[in-house]
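This document opens with one chain alone, in C-alpha cells, the form predicted alone.
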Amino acid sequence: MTNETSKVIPIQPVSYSRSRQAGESQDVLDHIIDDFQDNPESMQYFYDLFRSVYCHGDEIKHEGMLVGTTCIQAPEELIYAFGATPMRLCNGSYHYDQKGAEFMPSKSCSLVKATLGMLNSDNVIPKIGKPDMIVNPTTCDQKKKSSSMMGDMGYKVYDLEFPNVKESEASRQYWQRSVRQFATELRQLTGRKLTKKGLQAAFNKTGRAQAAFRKLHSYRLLSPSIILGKDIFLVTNAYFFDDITRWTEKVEALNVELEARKQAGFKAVQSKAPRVLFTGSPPIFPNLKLPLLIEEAGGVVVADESCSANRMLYDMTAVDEWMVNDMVDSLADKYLKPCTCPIFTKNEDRKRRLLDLVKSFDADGVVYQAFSGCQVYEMEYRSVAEAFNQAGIPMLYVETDYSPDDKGQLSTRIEAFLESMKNRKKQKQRALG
C-alpha cells in the first residue's frame, strides 16, 4: 500500500489591480471623476492615464536613459539635452507612506516616507523600471538624508547641491557651478556630449509645455471658475511621468475646450463659491485629500503655490547668449531666481508671491497645508500667517499627513472656513452697498 503524497496548492500572487495601492488610487480617481459634475471632456485622457498607471499598474515607456528626480529644482532641460528622460519620483500614496515608516522615523514627512517606501518596494508604482540615476537636489534636510538611504537600496544617486540663500551673487555662482557639474555627471552617465542643438531642442520641448500650462493657468483667473482645482492638480501630476510631448498636446486640447467654455459663459461652480488659494506641502496623487475636501464643500481652488503644480512650469528660461555655457548658466538662473520654496533662509519673495496670487486670482482666502514632520513649512507658517493677517486675508492652517483618518475632522474645519469666507464677502457687499 503506497502513501499518497499530500498535494500542495501554491499561493497565487495577487494581481496589482487588487493590491492596496491600486485600491487607494482607484477610490480617489473614482471620486474625482464620478462625484463632480461637468468634467471637461478633454480631462478623459488624464483620467484614463492615471487609471492605467496607478490602478492597473501598466508600464510607462520612456526614451533613452531614465533619470529619476526628487524635486523640481533638478533642471529637466539638461536631462532631455543628453537624450535621457526625467521622471519625478515624489509619491502621494498612503500605502507607500506606511512602507517607508518601517525604516524611517515616525515623525518624518509623509512625502519623503512615501517616496522611499515606493523605491524600496518590490512593486514600484508608477512602473518606470529602475532609474539609471536619481538626482537628489539638497533642498530640505530630510531629502538630503534620504540620499544615502536610496544608495543603500541599490540606486545610483547624484546629490545636486542647492544653496541656502538665493539673493547673493555668491549663491548664484555656487548654483551655476552645481548645474555645470550636473551636466558633467550626465555626460558620464549617457556617454553623450552637451551641444547647443541639444539644449535648444530641450528648451523648445519644455517651452511648449510651459506655454500650454501658462494658458491653462490663465483660465483659472476667470470668475466664476470654469474648471476645478482637482483637475488642475491631476494635469500637473501627470507631468511627473507622462511623455512631455503627448502631455503638452493634451493640455493644449484642454485649453481649446476651456476657451469654448469661456465663450459660452460656462460655470463649473456656483457664482458665490469661495475662491481659495492653496499653498504649502504639495498635493501629490493619490493624496489630493485637502483640495478634494475644499471642492466637495462648495469651494474652488483657483490658484496654488506648490511644487506639484504652479511652481513647476510657470517660469521660462531667458537666454542672453546662445552658447552652451551661457545657456547652462541661464538655465541655472531659471531654477534659482524665481524659486519660492521655503527652504531658503529668507522667504520675502514667497510672501510677496502669495499676496500677489491672492490679488490676481481674487481669492477669498488661503488654505495652507503642512505635512506633519515637514519642518520648513511648519516653521514658516507664522511669518506667512502674519503677512496675510496684515493684508486682511483669512487663512486656514492644516497640519496633516497621508492618512485618511482625519478626513471627517478636516471636512468640518474646511466647511466652517468656507462659510466664514461667505459671511465675510456678504459683509463687504453690505458695506459697499
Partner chain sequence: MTNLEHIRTAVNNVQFNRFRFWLQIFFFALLVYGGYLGIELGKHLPTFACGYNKELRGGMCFLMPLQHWMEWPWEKLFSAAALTILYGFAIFFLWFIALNRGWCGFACPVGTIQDWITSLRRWTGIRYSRYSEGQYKGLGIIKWVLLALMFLIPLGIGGGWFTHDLKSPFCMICPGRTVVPLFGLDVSQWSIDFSSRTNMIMTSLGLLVTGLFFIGAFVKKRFFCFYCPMGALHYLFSKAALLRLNKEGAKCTRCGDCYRVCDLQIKEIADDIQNKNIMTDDCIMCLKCVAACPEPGALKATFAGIPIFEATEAGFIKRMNKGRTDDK
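Numbering follows the first chain given and starts at 1. Not measured: the values here are computed from a predicted model.
One more form of this protein exists, namely the form predicted together with its partner chain; it is left out here, but the text below deals with it.
Trainee: Among Asp152, Asp362, Glu167, Glu102, which has at least one heavy atom within 4.5 Å of its partner chain in the model of the complex?
Mentor: Partner contact (heavy atom, 4.5 Å) among the options: Glu167.
Trainee: May I ask you to choose, among Asn120, Gln142, Gln176, Thr190, the residue with a heavy atom within 4.5 Å of its partner chain in the model of the complex?
Mentor: Looking at the other structure, the residue within range turns out to be Gln176.
Trainee: Residue-level question: is Gly129 within 4.5 Å of its partner chain in the model of the complex, judged on heavy atoms?
Mentor: Contact with its partner chain, no.
Trainee: Wondering, does Arg208 line up within 4.5 Å of its partner chain in the model of the complex on heavy atoms?
Mentor: Because a heavy atom of Arg208 falls inside 4.5 Å of its partner chain in the model of the complex, the answer is yes.
Trainee: Against its partner chain in the model of the complex, would Lys262 count as a contact residue? Criterion: heavy atoms within 4.5 Å.
Mentor: Lys262 lies outside the contact set for its partner chain.
Trainee: Just to confirm, Lys156 within 4.5 Å of its partner chain in the model of the complex by heavy atoms?
Mentor: No, Lys156 is distant from the partner.
Trainee: Only one of 278 to 286, 130 to 138, 331 to 339, 143 to 151 gets a heavy atom within 4.5 Å of its partner chain in the model of the complex; which is it?
Mentor: Comparing against its partner chain in the model of the complex, the contact stretch is 331 to 339.
Trainee: Only counting heavy atoms and a 4.5 Å limit, does any residue of 337 to 355 reach its partner chain in the model of the complex, and if so which ones?
Mentor: Contacts from 337 to 355: Lys337, Pro338, Glu348, Asp349, Arg352, Arg353.
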